[in-house]
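Below you will find one chain, with nothing else, as C-alpha coordinates; this is the form predicted on its own, and questions on how it binds or moves follow later.
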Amino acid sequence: MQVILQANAKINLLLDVTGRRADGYHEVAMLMQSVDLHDTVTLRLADAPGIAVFCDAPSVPADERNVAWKAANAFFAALGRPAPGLAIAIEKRIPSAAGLAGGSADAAAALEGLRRLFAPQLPSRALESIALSVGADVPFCLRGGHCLATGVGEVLRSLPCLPAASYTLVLAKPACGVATGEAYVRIDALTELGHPNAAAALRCAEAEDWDALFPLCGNLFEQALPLEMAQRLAKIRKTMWARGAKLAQMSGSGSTVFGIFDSEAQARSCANALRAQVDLQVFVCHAAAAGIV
(Lines give C-alpha, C1' and ligand atoms only; values in the text may rest on other atoms or scores of the structure.)
Protein backbone atom coordinates (compact mmCIF):
# COMPACT_ATOMS: atom_id res chain seq x y z
CA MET A 1 0.00 0.00 0.00
CA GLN A 2 1.36 3.43 -0.90
CA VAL A 3 0.34 7.06 -1.37
CA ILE A 4 1.99 9.45 -3.85
CA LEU A 5 1.51 13.17 -3.27
CA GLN A 6 2.54 16.44 -4.89
CA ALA A 7 3.97 18.83 -2.28
CA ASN A 8 3.67 22.37 -3.61
CA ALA A 9 6.03 25.24 -2.82
CA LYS A 10 4.83 28.64 -1.63
CA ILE A 11 5.69 32.28 -2.21
CA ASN A 12 5.12 35.25 0.09
CA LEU A 13 3.18 38.00 -1.66
CA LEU A 14 3.57 39.97 1.57
CA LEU A 15 5.73 39.32 4.62
CA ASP A 16 5.77 41.64 7.61
CA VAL A 17 7.23 41.07 11.08
CA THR A 18 4.84 42.77 13.48
CA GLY A 19 6.45 42.09 16.87
CA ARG A 20 8.37 39.77 19.11
CA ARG A 21 6.76 37.67 21.82
CA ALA A 22 8.04 37.04 25.33
CA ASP A 23 9.02 33.51 24.31
CA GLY A 24 11.32 34.88 21.61
CA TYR A 25 9.16 33.97 18.63
CA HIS A 26 8.20 36.66 16.14
CA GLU A 27 4.67 37.68 15.22
CA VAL A 28 4.13 37.94 11.47
CA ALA A 29 1.55 38.97 8.89
CA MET A 30 1.94 37.16 5.58
CA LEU A 31 0.04 36.63 2.38
CA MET A 32 1.13 33.17 1.28
CA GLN A 33 0.30 31.60 -2.08
CA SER A 34 0.92 28.01 -3.17
CA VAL A 35 2.61 27.46 -6.54
CA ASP A 36 2.80 24.31 -8.62
CA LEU A 37 6.56 23.90 -8.39
CA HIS A 38 6.57 20.75 -6.30
CA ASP A 39 8.36 17.81 -4.73
CA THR A 40 6.90 14.32 -5.05
CA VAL A 41 6.50 12.46 -1.77
CA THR A 42 5.75 8.73 -1.74
CA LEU A 43 4.75 6.89 1.45
CA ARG A 44 4.61 3.12 1.52
CA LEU A 45 4.42 0.46 4.18
CA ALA A 46 7.67 -1.40 4.74
CA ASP A 47 8.64 -4.68 6.38
CA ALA A 48 11.45 -3.16 8.43
CA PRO A 49 10.24 -1.41 11.61
CA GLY A 50 10.55 2.34 12.05
CA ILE A 51 10.54 5.34 9.71
CA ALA A 52 13.01 5.44 6.82
CA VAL A 53 13.50 8.47 4.55
CA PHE A 54 14.98 8.37 1.05
CA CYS A 55 15.74 11.52 -0.94
CA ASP A 56 17.33 12.07 -4.33
CA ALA A 57 19.00 15.33 -3.21
CA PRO A 58 22.32 14.60 -1.45
CA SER A 59 22.13 17.86 0.54
CA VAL A 60 18.85 16.82 2.22
CA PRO A 61 19.29 14.69 5.37
CA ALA A 62 17.65 11.27 5.14
CA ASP A 63 17.42 10.56 8.86
CA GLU A 64 15.81 11.98 12.00
CA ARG A 65 16.87 15.50 10.96
CA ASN A 66 14.56 15.38 7.93
CA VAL A 67 11.39 17.37 8.52
CA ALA A 68 9.23 14.69 6.86
CA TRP A 69 10.65 12.16 9.33
CA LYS A 70 9.82 14.55 12.18
CA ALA A 71 6.29 14.95 10.80
CA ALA A 72 5.74 11.18 10.67
CA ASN A 73 7.09 10.75 14.18
CA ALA A 74 4.79 13.55 15.46
CA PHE A 75 1.81 11.98 13.68
CA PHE A 76 2.13 8.61 15.38
CA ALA A 77 2.92 10.25 18.73
CA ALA A 78 -0.32 12.25 18.44
CA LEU A 79 -2.24 9.05 17.65
CA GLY A 80 -0.63 7.36 20.64
CA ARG A 81 0.70 4.43 18.67
CA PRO A 82 4.16 3.27 17.59
CA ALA A 83 5.22 3.91 14.04
CA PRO A 84 4.88 0.89 11.75
CA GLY A 85 7.41 0.07 9.09
CA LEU A 86 7.23 3.16 6.85
CA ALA A 87 9.30 4.37 3.91
CA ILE A 88 9.11 8.02 2.80
CA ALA A 89 10.67 8.77 -0.59
CA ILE A 90 11.17 12.41 -1.60
CA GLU A 91 11.90 13.55 -5.15
CA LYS A 92 13.16 17.11 -4.79
CA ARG A 93 12.39 19.88 -7.26
CA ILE A 94 11.93 22.74 -4.80
CA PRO A 95 15.38 24.14 -4.00
CA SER A 96 16.47 24.06 -0.37
CA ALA A 97 17.05 27.17 1.77
CA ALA A 98 15.11 29.16 -0.79
CA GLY A 99 12.21 30.79 1.06
CA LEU A 100 9.81 28.43 -0.75
CA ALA A 101 8.99 26.10 2.19
CA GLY A 102 10.28 23.01 0.43
CA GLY A 103 10.96 21.11 3.65
CA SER A 104 7.66 22.21 5.16
CA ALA A 105 5.83 21.07 2.02
CA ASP A 106 7.43 17.63 2.30
CA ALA A 107 6.38 17.44 5.96
CA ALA A 108 2.82 18.45 5.05
CA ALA A 109 2.69 15.78 2.35
CA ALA A 110 3.92 13.18 4.84
CA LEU A 111 1.15 14.16 7.28
CA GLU A 112 -1.58 14.11 4.62
CA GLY A 113 -0.34 10.77 3.31
CA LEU A 114 -0.31 9.28 6.80
CA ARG A 115 -3.83 10.52 7.43
CA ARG A 116 -5.00 8.76 4.26
CA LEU A 117 -3.22 5.55 5.22
CA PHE A 118 -3.93 5.36 8.94
CA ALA A 119 -6.54 7.91 10.10
CA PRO A 120 -8.84 9.07 7.28
CA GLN A 121 -11.38 10.44 9.80
CA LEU A 122 -8.82 12.70 11.49
CA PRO A 123 -10.12 16.31 11.18
CA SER A 124 -8.07 18.86 9.26
CA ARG A 125 -7.80 21.06 12.35
CA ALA A 126 -6.23 18.18 14.29
CA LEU A 127 -3.80 17.51 11.46
CA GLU A 128 -2.85 21.22 11.33
CA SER A 129 -2.20 21.08 15.08
CA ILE A 130 0.26 18.24 14.53
CA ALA A 131 1.75 20.20 11.64
CA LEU A 132 2.42 23.21 13.87
CA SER A 133 4.46 21.04 16.23
CA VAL A 134 6.74 20.30 13.28
CA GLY A 135 7.18 23.84 11.92
CA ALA A 136 5.41 27.19 11.57
CA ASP A 137 4.96 26.90 7.77
CA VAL A 138 3.70 23.30 7.79
CA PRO A 139 0.03 24.14 8.59
CA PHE A 140 -0.10 26.47 5.58
CA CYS A 141 1.55 23.89 3.34
CA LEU A 142 -1.17 21.44 4.37
CA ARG A 143 -3.99 23.85 3.55
CA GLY A 144 -2.38 25.68 0.65
CA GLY A 145 -4.03 28.03 -1.78
CA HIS A 146 -3.83 31.67 -0.73
CA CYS A 147 -3.97 32.56 2.97
CA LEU A 148 -3.38 35.36 5.39
CA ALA A 149 -1.06 33.90 8.03
CA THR A 150 -0.67 35.62 11.39
CA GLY A 151 0.59 34.65 14.84
CA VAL A 152 3.88 32.85 14.20
CA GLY A 153 2.39 31.82 10.85
CA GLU A 154 -0.05 29.23 12.14
CA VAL A 155 -3.25 31.33 12.27
CA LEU A 156 -4.62 30.91 8.75
CA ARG A 157 -7.42 32.66 6.92
CA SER A 158 -8.17 31.39 3.42
CA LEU A 159 -8.41 33.96 0.62
CA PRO A 160 -9.17 33.86 -3.11
CA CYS A 161 -6.27 32.36 -5.03
CA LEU A 162 -4.14 34.22 -7.51
CA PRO A 163 -5.68 33.03 -10.80
CA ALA A 164 -3.39 30.56 -12.52
CA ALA A 165 -4.98 31.30 -15.88
CA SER A 166 -4.15 35.01 -15.64
CA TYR A 167 -0.59 35.04 -14.32
CA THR A 168 2.64 33.13 -14.89
CA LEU A 169 5.40 33.13 -12.30
CA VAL A 170 9.17 32.96 -12.66
CA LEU A 171 11.22 31.83 -9.65
CA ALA A 172 14.95 32.52 -9.56
CA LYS A 173 17.10 31.01 -6.79
CA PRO A 174 20.73 32.21 -6.53
CA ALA A 175 23.38 30.23 -4.71
CA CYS A 176 23.63 32.76 -1.87
CA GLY A 177 21.25 32.64 1.07
CA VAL A 178 20.52 33.58 4.67
CA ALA A 179 19.25 31.13 7.29
CA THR A 180 15.83 32.05 8.67
CA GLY A 181 17.14 32.44 12.21
CA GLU A 182 19.88 34.79 11.03
CA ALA A 183 17.34 36.78 9.03
CA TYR A 184 15.30 37.44 12.17
CA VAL A 185 18.44 38.47 14.04
CA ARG A 186 19.22 40.99 11.29
CA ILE A 187 15.65 42.35 11.42
CA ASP A 188 15.85 42.75 15.20
CA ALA A 189 19.09 44.71 14.85
CA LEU A 190 17.50 47.41 12.66
CA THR A 191 16.07 50.50 14.33
CA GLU A 192 14.07 51.71 11.32
CA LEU A 193 11.93 49.48 9.13
CA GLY A 194 9.45 50.30 6.38
CA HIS A 195 6.48 48.01 6.94
CA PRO A 196 4.17 47.01 4.06
CA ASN A 197 0.52 48.00 4.41
CA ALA A 198 -0.85 44.57 5.25
CA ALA A 199 -4.38 45.81 5.98
CA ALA A 200 -4.72 47.47 2.57
CA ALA A 201 -3.16 44.47 0.84
CA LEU A 202 -5.62 42.16 2.58
CA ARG A 203 -8.58 44.22 1.36
CA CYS A 204 -7.30 43.98 -2.22
CA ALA A 205 -6.75 40.23 -1.90
CA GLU A 206 -10.27 39.74 -0.57
CA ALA A 207 -11.64 41.75 -3.51
CA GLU A 208 -9.40 39.84 -5.98
CA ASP A 209 -8.07 43.21 -7.18
CA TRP A 210 -4.66 41.89 -8.11
CA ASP A 211 -3.41 44.96 -9.98
CA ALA A 212 -4.11 47.01 -6.84
CA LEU A 213 -2.53 44.35 -4.61
CA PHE A 214 0.83 44.03 -6.32
CA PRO A 215 2.09 47.58 -5.53
CA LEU A 216 1.19 47.01 -1.86
CA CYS A 217 3.22 43.82 -1.57
CA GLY A 218 6.54 43.75 0.24
CA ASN A 219 8.93 41.57 2.19
CA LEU A 220 10.45 43.07 5.33
CA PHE A 221 13.44 40.72 5.15
CA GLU A 222 14.64 42.48 2.01
CA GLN A 223 15.60 45.43 4.23
CA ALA A 224 18.05 43.35 6.26
CA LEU A 225 19.99 41.44 3.61
CA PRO A 226 23.79 41.21 3.56
CA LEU A 227 25.14 43.65 0.96
CA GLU A 228 26.37 41.04 -1.52
CA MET A 229 23.06 39.17 -1.42
CA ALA A 230 21.08 42.40 -1.75
CA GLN A 231 23.05 43.30 -4.87
CA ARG A 232 22.53 39.83 -6.36
CA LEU A 233 18.79 39.93 -5.78
CA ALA A 234 18.55 43.48 -7.14
CA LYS A 235 20.07 42.26 -10.41
CA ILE A 236 17.45 39.50 -10.63
CA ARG A 237 14.60 41.93 -9.91
CA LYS A 238 15.94 44.36 -12.52
CA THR A 239 15.81 41.60 -15.14
CA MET A 240 12.23 40.77 -14.15
CA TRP A 241 11.04 44.39 -14.18
CA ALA A 242 12.67 44.95 -17.57
CA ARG A 243 10.64 42.08 -19.03
CA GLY A 244 7.29 43.24 -17.77
CA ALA A 245 6.90 41.81 -14.27
CA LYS A 246 3.88 43.06 -12.33
CA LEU A 247 5.71 42.23 -9.09
CA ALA A 248 9.30 41.17 -8.43
CA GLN A 249 10.11 40.29 -4.83
CA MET A 250 12.00 37.94 -2.53
CA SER A 251 10.06 35.07 -0.96
CA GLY A 252 10.38 34.22 2.73
CA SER A 253 13.80 34.87 4.22
CA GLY A 254 15.26 34.23 0.76
CA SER A 255 16.98 33.85 -1.41
CA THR A 256 14.47 33.08 -4.18
CA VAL A 257 13.08 36.05 -6.09
CA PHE A 258 9.74 35.58 -7.85
CA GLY A 259 8.28 37.60 -10.67
CA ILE A 260 4.59 37.68 -11.63
CA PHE A 261 3.73 38.23 -15.30
CA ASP A 262 0.37 38.58 -17.02
CA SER A 263 1.84 37.08 -20.19
CA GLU A 264 3.35 33.60 -20.38
CA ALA A 265 5.51 34.77 -23.27
CA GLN A 266 6.97 37.54 -21.09
CA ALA A 267 7.58 35.08 -18.27
CA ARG A 268 9.41 32.62 -20.50
CA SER A 269 11.46 35.42 -22.06
CA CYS A 270 12.45 36.51 -18.57
CA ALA A 271 13.29 32.94 -17.56
CA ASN A 272 15.56 32.57 -20.59
CA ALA A 273 17.34 35.82 -19.73
CA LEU A 274 17.82 34.74 -16.13
CA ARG A 275 19.18 31.34 -17.15
CA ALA A 276 22.06 33.19 -18.83
CA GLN A 277 23.18 34.38 -15.39
CA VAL A 278 25.68 32.33 -13.39
CA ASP A 279 24.64 30.16 -10.42
CA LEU A 280 20.91 30.65 -10.79
CA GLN A 281 18.14 28.04 -10.68
CA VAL A 282 15.12 29.23 -12.68
CA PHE A 283 11.58 27.83 -12.74
CA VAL A 284 8.38 28.82 -14.57
CA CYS A 285 5.20 27.94 -12.70
CA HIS A 286 1.66 29.01 -11.78
CA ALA A 287 -0.38 29.60 -8.66
CA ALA A 288 -1.93 26.48 -7.11
CA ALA A 289 -5.23 26.17 -5.27
CA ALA A 290 -3.93 23.54 -2.84
CA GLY A 291 -0.75 22.79 -0.93
CA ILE A 292 -0.91 19.00 -1.26
CA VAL A 293 -2.29 17.25 -4.34
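Everything quoted here is computed from the prediction, not taken from an experiment. Note that residue numbering follows the sequence shown and begins at 1.
Only in words, not in the display: the form predicted together with a small molecule, which the text now covers.
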Partner-contacting position among 166, 96, 158, 124 - heavy atom within 4.5 Å of the small molecule in the model of the complex: 96
Heavy atom within 4.5 Å of the small molecule in the model of the complex - the one residue of 220, 201, 90, 74 that qualifies: 90
All of 66, 102 and 180 with a heavy atom within 4.5 Å of the small molecule in the model of the complex: yes
Contact flag, residue 50 vs the small molecule in the model of the complex, heavy atom cut 4.5 Å: no
Contact flag, residue 226 vs the small molecule in the model of the complex, heavy atom cut 4.5 Å: no
Partner contact for residue 61 in the model of the complex: the small molecule, 4.5 angstroms, heavy atom: yes
Contact stretch among 104-112, 209-217, 76-84, 124-132 - heavy atom within 4.5 Å of the small molecule in the model of the complex: 104-112
